[in-house]
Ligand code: BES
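One chain comes next, on its own, written as structure tokens: the form predicted alone.
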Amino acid sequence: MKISVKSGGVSAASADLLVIPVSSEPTKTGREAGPRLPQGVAGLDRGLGGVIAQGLASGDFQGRPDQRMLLYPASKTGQKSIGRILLLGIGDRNALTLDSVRRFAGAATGEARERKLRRLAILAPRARGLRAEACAGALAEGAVLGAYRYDRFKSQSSAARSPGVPTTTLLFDRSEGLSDLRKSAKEAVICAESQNIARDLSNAPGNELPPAGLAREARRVARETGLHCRVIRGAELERGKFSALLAVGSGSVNPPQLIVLEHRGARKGSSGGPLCLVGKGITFDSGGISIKPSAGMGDMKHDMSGAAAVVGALRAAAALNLPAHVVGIIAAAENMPSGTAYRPGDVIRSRSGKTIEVTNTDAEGRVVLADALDYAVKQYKPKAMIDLATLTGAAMIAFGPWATGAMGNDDALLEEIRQAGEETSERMCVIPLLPEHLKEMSSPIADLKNSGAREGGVSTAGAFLQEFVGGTPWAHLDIAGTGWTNRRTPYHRQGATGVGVRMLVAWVRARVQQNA
């Protein structure tokens, strides 16, 4: 998506749609005041024959959050043409957050797309405590995320009717520091486009993206960005003793793969191992022999959203040229029922040597992650490691679509993740791992069982994973509730959210700054 940044405020506007933020700030008595236009808009309105003033005079628009009023100017201002004006409410300007700005830009882009408009201009909101550089980044993120559509499988005739992505101009009053604003917007576009790639991967139907297809897409991203990519499969998986990953994929005609993406951006001589990101990549999850109910099974194409986030984060790290060594590891498999599928009651010897009693073949994500985590620890000796997985239905019940469940063995790492989540509005809810959680996962015939009771399901799954990380600082993120959505927001549509991409990039950046 093409996004540019200009100074001069609304005086620089020339677009099919100009979007203006309108606040509605309470009076000292707490009563709602009327809508308040940004500086410079009154002068623009005079050149347009007073269309904005006439619209506000109706009293229909108060500037409340997400409230909209579309206006059609009858004339041009100077040599610059403005086809439509969208007044978009932001509420109390002093309560504006970066996520409010993202939502504002997402709503603006969505409006332009639905009306099939090609040129969009967005006047940047101003608020006390809101830095212009941060605002430029949030606007760019919201615009790119809000423009996202997954329409790859529409026919040509349908695609022709589908609205395209508008070129977008972000308008700021200031002229000083314009290069910093442009830099912030450019970096934000990279992060948001990487999140959209994660959305594409997660939204892809299972027949189009089996494990080998996910590996193919990882290679494509690597070629485009300079990442190093290695795919371990077939006999090499067997030689590497990836027995847990092979067991989960044994019921499918599409064999499992272990995908490794590597961004070697660290300076030579830097101490310590890399930062490892590990993703669950179940490209379709039928539940296996413990088959799922048919209702909602189609959503199980999203069961590789953790893997998608890892691909997106590695792409962004490379495109931003972050000075860090980051390794992404994806355990990709398809969980299907067949005569060759693994069964309830089986005992698997994982790559680490620990044995796993299978009590439920639908608890497959933690099984493939067991091998991936062990590989990361022994192959790369990471400074820190984060895994992301659509792991448990319990996380959906506990946190809904509003937060990701986070747990681990290192409080400092969990706090870093929590802060990165706050920065990117991808909220993390840190929960404990207790000795009782691990005890629940003990098996009478093996070292562990892969499924416990319903109580504390998020944490018992995390306790299972902890057995494969050793002393490595590690965090587990259960994105079952946040990885996809049926709710539409200004920058999310039904389907994959790409959650985790921007948070992981923010976390890596923070780590780089710590070590600078």
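One-based numbering along the sequence shown. Keep in mind that this is a model prediction, so the values were computed, not measured.
One more form of this protein, predicted in complex with the named molecule, exists but is not displayed; see below.
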Considering non-hydrogen atoms and a 4.5 Å limit, does the named molecule approach Glu262 in the predicted complex?
no
Consider Glu193 of the chain shown here, and say whether it contacts the named molecule in the predicted complex, taking contact as heavy atoms within 4.5 Å.
no
Flag Glu141 as yes or no: does it have a non-hydrogen atom within 4.5 angstroms of any non-hydrogen atom of the named molecule in the predicted complex?
no
Determine whether any heavy atom of Ser350 comes within 4.5 Å of a heavy atom of the named molecule in the predicted complex, and answer yes or no.
no
The named molecule isn't shown here, but in the predicted complex, which of 130-138, 239-247, 371-379, 301-309 has heavy atoms within 4.5 Å of it?
301-309
Which residue among Ile82, Ala406, Ala420, Ala394 has a heavy atom within 4.5 angstroms of the named molecule in the predicted complex?
Ala394
Only hit among Glu334, Asp387, Glu426, Glu364 for heavy atom within 4.5 Å of the named molecule in the predicted complex is Glu364
At 4.5 Å, heavy atom to heavy atom, what parts of 85-117 sit next to the named molecule in the predicted complex? List them in sequence order, or say none.
none
